[in-house]
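First comes one chain, alone, set out as structure tokens in the form predicted on its own.
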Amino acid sequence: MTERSPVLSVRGLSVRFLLPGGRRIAAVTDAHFDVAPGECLALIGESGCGKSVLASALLGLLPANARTAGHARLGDLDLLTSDERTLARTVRGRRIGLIPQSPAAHLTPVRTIRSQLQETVAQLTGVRGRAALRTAAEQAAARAEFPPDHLDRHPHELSGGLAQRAATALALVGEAPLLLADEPTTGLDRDLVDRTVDELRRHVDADRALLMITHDLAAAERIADRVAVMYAGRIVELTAADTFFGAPGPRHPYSRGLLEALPDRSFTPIPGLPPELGDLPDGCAFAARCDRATDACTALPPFTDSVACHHPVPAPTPEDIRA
């Protein structure tokens, strides 16, 4: 069977912010990953590690003082070199459906959810006619389990969970090959988190993929096929979700620390704080917080065998697996 091309292929993606006085903020550095058809890749890490900046780079939504490098290919299109006209007319909504981090802030406050859905349907699908648009909007709402009796409400009349569902419905209208969900469970209670990620998972099929950016490890465990761990702007581990959350577990000390901080694990926080992205060390950015660090960590670790670490947790040997 011929292996299918990835929906999204990222190679060497870096983002720098230029500040007055010549200062540079290294928000994302040399990111490499693919997202395959039918796959959910969860990009996880603490707040401020560069996850949302990476998402903004893919969508061409970075501020004017940002500079990008590398490639991010969506089919035959390189997102990083595409102009605003191409991104606005052919990418956002059509080839990438975005569920934003703050859905209420992205909904038009003076218009009902129904009118926003109908406008999106008309723009992305070409459906015309009042009755047809009404039906299509209701079908889009149903896919995201948005209650039909709330369609004529304005965004300020919705709870956080309903605003999230409205944003999800809008993101799904265009049947985009890539769904990008940026912290889609922020502010939701646990039951609604589970329902939200289950809905997102249902929309990943043989032709579509999901990139979910989150700091919610429980949500990632529930939905992801693979996990990419980001720290201080770099992806430090990329592995199967079953391996990450089960046995043998992640190999990077930071990844292990994230898991051990969970209430259902040892509930032990990682000591210290991440470094400032404008003042990163020359070597491993996690070394100051790591109990495995040695003098070797003053040099930047290469990304080898799915992990960027001089002293990763050893992978199990065949003998260990048999035992």
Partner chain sequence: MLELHAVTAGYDRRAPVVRDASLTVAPGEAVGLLGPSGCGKSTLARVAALLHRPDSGTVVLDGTPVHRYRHRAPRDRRTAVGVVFQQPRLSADPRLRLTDLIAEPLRATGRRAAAPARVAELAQTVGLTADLLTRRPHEVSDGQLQRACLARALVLRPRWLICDEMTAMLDASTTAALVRVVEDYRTSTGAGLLAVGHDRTLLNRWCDRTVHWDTVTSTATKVLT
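Residue numbers count along the first chain shown, from 1. Keep in mind it's a predicted model, so treat the numbers as computed, not measured.
Beyond the structure shown, there is the form predicted in complex with its partner chain, which is absent from this document and is the topic of what follows.
The closest heavy atom approach of G38 to its partner chain in the predicted bound form falls outside 4.5 Å. When contacts are judged by a 4.5 Å heavy atom cut-off, P147 counts as touching its partner chain in the predicted bound form. Although the partner is absent here, R265 sits close enough that one of its heavy atoms falls within 4.5 Å of its partner chain in the predicted bound form. The shortest heavy atom separation between L217 and its partner chain in the predicted bound form is within 4.5 Å. Segments offered: 29-37, 53-61, 293-301, 269-277. Contacting its partner chain in the predicted bound form at heavy atom distances within 4.5 Å is 269-277. Though its partner chain is absent from this view, in the predicted bound form it lies within 4.5 Å of a heavy atom of just one residue from D83, D152, D207, D189, which is D189. Interface residue among L117, L162, A72, M230, judged by heavy atoms within 4.5 Å of its partner chain in the predicted bound form: L162.
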